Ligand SMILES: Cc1ncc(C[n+]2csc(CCOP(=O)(O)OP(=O)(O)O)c2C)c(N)n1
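A single chain comes next, written as structure tokens; it is the form predicted on its own.
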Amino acid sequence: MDGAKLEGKTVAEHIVDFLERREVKHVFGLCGHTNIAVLAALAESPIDFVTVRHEQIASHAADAYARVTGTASVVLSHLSPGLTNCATGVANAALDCIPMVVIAGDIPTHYYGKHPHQEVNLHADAAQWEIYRPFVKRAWRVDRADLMAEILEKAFHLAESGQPGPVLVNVPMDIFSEVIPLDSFDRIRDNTRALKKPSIDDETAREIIEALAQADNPVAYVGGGILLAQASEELREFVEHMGLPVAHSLMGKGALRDDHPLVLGMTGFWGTELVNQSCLNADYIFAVGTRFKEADCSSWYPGYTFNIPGSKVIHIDIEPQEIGRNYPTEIGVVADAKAALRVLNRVAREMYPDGFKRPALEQKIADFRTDFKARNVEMATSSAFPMMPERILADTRKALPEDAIITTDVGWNKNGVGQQFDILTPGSILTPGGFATMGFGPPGAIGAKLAAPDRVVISLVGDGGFGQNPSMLATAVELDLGIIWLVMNNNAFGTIAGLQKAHYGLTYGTTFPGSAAAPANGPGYADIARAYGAEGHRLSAADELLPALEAAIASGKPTVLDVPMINNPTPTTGHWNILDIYSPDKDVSHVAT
């Protein structure tokens, strides 16, 4: 064996070399005594370590970073409390199918079973990795240093292939520091970085296109899988050629521009009458990259969003388990959305060169949009203060460039945005969908800005969500990230307060002392921002918002805008089963008005 092969580095150094070869630019995390060997290796690397004050900030930021870059992000965590602090953000990524590799330190192997400092071993020794088992695609415990190379390679492949998601690589701290030769890492140098994705054959494509061509009222229903596959352009080409109106799930928002003439809008509980009724009347539903989840499907109750059985379903998804999970499927296809749509576009042009036009449908969509905006104009232009949420969204849309990246959280900033806020660049809205995690949006904005430093990034967040982890401001200030956090401040956990008021007649534990206009001893979010070194402004009139947003964008500085807001309900036409649980046999709205 030659001298180069015998020359060794620590496992931590090998990990950093591996990440550099994969062109990783940022690692998100927080230090601990189990992972500082990796930090020492990163100190001499072009990779930037994004240090945070709480591990949940790291995992949420990494989640958003992966959504914008389209590749797996990397999180570095300490053992036990670091790993559990990180868990919420990793689970959020898992439920939204976001690729992420979490590298976590652990106790030394020679202390397995002795219950050393911070070990979790109440039921089994050396078992902290099992904490992540319910929500990661795979969790590895690295027991031998020479296995690190192939485990890392498998980790990235698994995170990014099939239905994407997070994985955990759990590493005892003594293995990080073990010196090993280059052999095991050399063996994987020439391996492919990305696996080819499955597509469909021409016969299947013809079957799908013929069914859609013969349908009287076909509807395309798309989810976040379109965005994960970066298939927006292929989708646009297909629906335009086939004349398909497009409904989308919450996670599918922005798959096409919201002002596209064929876009119906978001389905389900917060869907409009147009989109829900169009889906109810569909004879064929062409579903791509969607899981038909509860809120998007009005808890699967017939008569609100979908009538299945009744409508026939063509379902394309990268994950076989999603097909037929919630609705029977006539044609089920396991394929990558982008690859499948490329074939469908080619075959559709061969079979029907002239395509299909539905001018009456496009006019119906245009008329509904005009009417909806007209019905909303009073709220969207209201000078009331605290502000109407509709006015906040309207002014924000005016201030932002078309390609601005918006992170949402939970409440009006997610549900209202899904229904009323136009996304004009595919993939520019980052929303916590499956886990619906309060606190995702503010740190998510950090990951988005690092991934796209030249784009405007704004976090639309409630006061409850902003209060989860305000220490993310420290990271933003230290890295000079010109992010805007717009706090839609109704002095409450507003959506839950509305539910409780409607069904139980009180708001115990869901509102804060005082009111949005005059909170009693509550946090001053603008003051908190300034204390961290960011800009902070609390608005005192509705007309201040638009110029404040424009000034914040122009400044390029991290800025918090505290905007007092009335806790209006988001209008709905769908249904949610929790209403029946709270108030069985009663027609009670989801909110008290």
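The structure presented is a predicted model; accordingly, all values stated were derived computationally and were not measured. Residue indices: 1-based, along the sequence shown.
As for the form predicted in complex with the ligand, it is not shown, yet the points below apply to it.
For this session: Have a look at 319-327, 132-140, 94-102, 407-415 and name the one stretch with heavy atoms inside 4.5 Å of the ligand in the predicted bound form.
Result: Answer to the contact question: 407-415.
For this session: Taking 4.5 Å between heavy atoms as the contact cutoff, choose which of Q128, T431, T495, N276 touches the ligand in the predicted bound form.
Result: Among Q128, T431, T495, N276, a heavy atom within 4.5 Å of the ligand in the predicted bound form occurs only for T495.
For this session: Consider the chain as shown here, without its partner, and state which of G89, G289, P443, G462 has a heavy atom within 4.5 Å of the ligand in the predicted bound form.
Result: After the contact test, the surviving option is G462.
Exercise. A436: heavy atom within 4.5 Å of the ligand in the predicted bound form?
Worked result: Yes, A436 lies within 4.5 Å of the ligand in the predicted bound form.
Problem set entry | Touches the ligand in the predicted bound form: N490 (any heavy atom, 4.5 Å) | N490: yes, in contact with the ligand in the predicted bound form.
Exercise. Is Q419 close enough to touch the ligand in the predicted bound form, meaning at least one heavy atom pair within 4.5 Å?
Worked result: Outside the cut-off, so no.
Exercise. Counting only non-hydrogen atoms and a 4.5 angstroms cut-off, does T396 reach the ligand in the predicted bound form?
Worked result: Output for T396 is no: heavy atoms all beyond 4.5 Å of the ligand.
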